[in-house]
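Given as structure tokens, the chain that follows is alone and in the form predicted on its own.
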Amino acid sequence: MTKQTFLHDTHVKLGAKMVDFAGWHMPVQYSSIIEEHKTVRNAVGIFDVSHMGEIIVSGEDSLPFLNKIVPQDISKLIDKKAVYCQLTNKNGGIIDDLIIYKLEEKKYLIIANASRIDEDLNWMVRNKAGFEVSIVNESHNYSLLAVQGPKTKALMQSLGVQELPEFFHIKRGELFNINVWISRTGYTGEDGVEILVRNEFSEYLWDKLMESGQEYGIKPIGLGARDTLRLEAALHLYGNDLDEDTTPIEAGLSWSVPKNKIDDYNGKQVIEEQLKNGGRKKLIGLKMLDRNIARHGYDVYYNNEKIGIVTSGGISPIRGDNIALAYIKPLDNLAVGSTIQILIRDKLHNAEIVKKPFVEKRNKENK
């Protein structure tokens, strides 16, 4: 049965077009994807991302346990600090990509992708032998609202949150007399916050944010614009750009893998080897040189030889061209500026390899 967030009826009342996504009935758009996209780039938008998972890991061995299941060095986290990381299998493949927050000593909050909650929990339980650790799925108790865009800070300050947490930090806060967690994170490349609230307060909080945000141009934003925003920022989508056959190194996430972590972790040997010598493939950004769109699953060619596959692609509302992410063989003669081809309807179309992200990220600007 398709699940519904606590805000489902609110979205229907707002006239949202609803679709099934990762087992949830979610709003894909309210007006137009391009209009919603530009609202987030220029003002402020609000997203219901309550389909995401919330897992609490606590107990005496919570730190060594987390250090076993992710490449990141969790011991470096101070209280209320967050880190982006991957849940890896024995071969270094990515089971999921996560954000881990250290709430307090021996207590961590993990935000997981909606489509991977069951797989994540199963893998965690399989790896907990020998650790004194508690793993609790709190996903059904909480809603998650994302408020994103350059006017987020002004909106939050108008609501009494004078000091937002620093980038990739979380803090306790109060909005409209509701206790919430506020984190300075997002999936858009813009400044913003994500607000974790108990389900019973989610509709009231959404309505009050919409009401208070009118003077800042706030609008509800669906999954369609969420996808175009994250693509412009070259942020990965699990199931498209990440999977269990792809390592963090191949996905261009070497920056999130410490080179001197002492603790052993799942896939460490493979990942450390790839840190030195590279992976079997690499993720590139590209722009189409004509009006065609390179979509997920399209083949990539160079010199009439298939060298890879497109993982995410679409229109860039800000750039005005068509962009994509793709995995290709790590060929020495291909770099930024090189021309490759995408097979679209049995015909090859030229594309240029470009730097990622496709638009400048502004999520660290307003600290």
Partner chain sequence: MNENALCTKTHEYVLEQGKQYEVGITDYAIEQLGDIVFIELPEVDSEFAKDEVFATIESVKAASEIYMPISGKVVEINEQLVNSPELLNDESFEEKWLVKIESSADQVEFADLLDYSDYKEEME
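In this text the structure is predicted, and so the values were computed from the model without any measurement. Positions refer to the first chain, counted from 1.
Below, we turn to the form predicted in complex with its partner chain, even though it does not appear here.
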Interface residue in the predicted complex among Ile55, Ile307, Val49, Val28, criterion: non-hydrogen atom within 4.5 angstroms of its partner chain: Val28
Looking at Ile293, Ile99, Val180, Leu205 here, can you tell me which has any non-hydrogen atom within 4.5 angstroms of its partner chain in the predicted complex? Ile293
Please state whether all three residues Arg41, Ile318 and Ala324 have a non-hydrogen atom within 4.5 angstroms of its partner chain in the predicted complex. no
Tell me which stretch of 299-307, 65-73, 28-36, 327-335 has a heavy atom within 4.5 angstroms of its partner chain in the predicted complex. 28-36
Considering non-hydrogen atoms and a 4.5 Å limit, does its partner chain approach Ser212 in the predicted complex? no
Should Ser115 be counted as a contact of its partner chain in the predicted complex, where contact means heavy atoms within 4.5 Å? no
Although its partner chain is absent from this view, report whether Asn137 comes within 4.5 Å of it in the predicted complex, heavy atoms only. no
Asn89: heavy atom within 4.5 Å of its partner chain in the predicted complex? no
Could you list the residues in 208-235 that come within 4.5 Å of its partner chain in the predicted complex, counting only heavy atoms and keeping sequence order? Gly224, Thr228
